[in-house]
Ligand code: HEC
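What follows is one chain in structure tokens, specifically the form predicted alone.
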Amino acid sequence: MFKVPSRRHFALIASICTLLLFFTYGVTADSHSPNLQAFPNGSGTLKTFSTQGSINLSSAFFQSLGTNGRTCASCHEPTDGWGITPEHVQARFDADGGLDPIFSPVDGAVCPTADVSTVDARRQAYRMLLTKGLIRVSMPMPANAAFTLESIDDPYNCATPQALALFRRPLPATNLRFLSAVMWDGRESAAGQSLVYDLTSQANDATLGHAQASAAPTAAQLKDIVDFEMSLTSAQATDNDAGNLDAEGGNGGPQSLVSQEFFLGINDPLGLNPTGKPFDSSAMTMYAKWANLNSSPNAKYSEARAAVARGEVLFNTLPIPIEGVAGINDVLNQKTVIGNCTTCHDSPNVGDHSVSQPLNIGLVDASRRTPDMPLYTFRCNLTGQTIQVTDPGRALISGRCEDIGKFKGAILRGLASRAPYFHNGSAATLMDAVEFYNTRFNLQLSSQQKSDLVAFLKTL
């Protein structure tokens, strides 16, 4: 028998059951969800605005186009900032004992051959999905690799040179017009092609792979999916401590984000802005007016809004001695580059990198490996250097040794809805993410600085 949901899970399931019914079992032709519907998260609420006028739940995005019952929404829920969270994945498991379509062995289990015959077996098979919201991506060594795979240490005894096991978080299916690369390793970004072309390829590959379709979606279905995704803009709209994020001159929420300027290379710190405009480290300006509020210090939200403003200033201006980051230090041929958070999160008021420049910040180093992750040992053919990582990242696409461990930076808007963080879910909370950077770059942040940064990140 499957586990009976707790009272808390019953409440959680009740709050999202309507949407889950849509996602899992299909929708009627006139099903729509209104624009700016509030979805609660631990920090407040997130809202989504669609340029189509409402969230069209009859879109092909919500339809099962494969053989295992999955839809795009199986791993891209509006309740979770159009991604997934372990809490909601757990609730779905508890509701039916792990029979929801998201629990498909093809990539939801630690190995496609894992035992899923009982509830207990499924709980073990899907533990990476249940605990960190990780999907198993299976990829081979590239034919043109300038490196050799020397060994595999896989706790699940499943990975092979023909199918490396890579555990990654589903990226959010919203705010896509701000993308400079599609997928963590950029594998769906084709040289010289448009973003719409790349997203169409991604939707096709996801349907054939994740949904195990026996045939590719039609051109009309793919267009419908991409049009739907491109219409979405999402952001945190209210904060439990700071209240409405567009109050008193604040510029939070999705509606201001709809009109946010973006183009490839905007505000790039390495001189790749096609307009020639120099980099401005003050890329985040949503809460500048909260820095000097005229409201009473005793007003309900004054202290929290001041903390958000301080966090935004820190994000823009805190000096960071960047060292050992492949994609920055090697490109500039500088051992130390004094940057800021916005050196890598440079897209104004969005926070991803505005050019397709993956970076290795050390997330997959062997020293940070946890027992639930595989470890791969590679040797660079030219130099003989040995590198151990839990995920080779971009290198499996480019074949370049210098790309081992590189990943793109994700869009930061809507962070509060989609913990855990980083591609491998290694930071359970935003404080954990801040602490990673604090230790990685020896920032020696004070408790107040950490708290202010988290306060700001929660409002994105």
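Quantities reported herein were computed from a predicted structural model and do not represent experimental measurements. Numbering starts at 1 and runs along the sequence shown.
Just so you know, the form predicted in complex with the named molecule exists too; it's not on screen, but the next bit is about it.
- The stretch among 133-141, 252-260, 233-241, 283-291 whose residues place heavy atoms within 4.5 Å of the named molecule in the model of the complex is 133-141.
- Contact check for G44: every heavy atom lies farther than 4.5 Å from the named molecule in the model of the complex.
- Although the partner is absent here, P170 sits close enough that one of its heavy atoms falls within 4.5 Å of the named molecule in the model of the complex.
- Using a 4.5 angstroms limit between non-hydrogen atoms, A247 is distant from the named molecule in the model of the complex.
- Using a 4.5 angstroms limit between non-hydrogen atoms, A416 is distant from the named molecule in the model of the complex.
- A heavy atom within 4.5 Å of the named molecule in the model of the complex is found for exactly one of V196, A121, A216, I320: I320.
- Only one of L164, A145, C341, M128 lies close to the named molecule in the model of the complex, with a heavy atom inside 4.5 Å, and it is C341.
- Residues F407, K408, G409, A410, I411, L412 are the ones in 393-412 with at least one heavy atom within 4.5 Å of the named molecule in the model of the complex, listed in sequence order.
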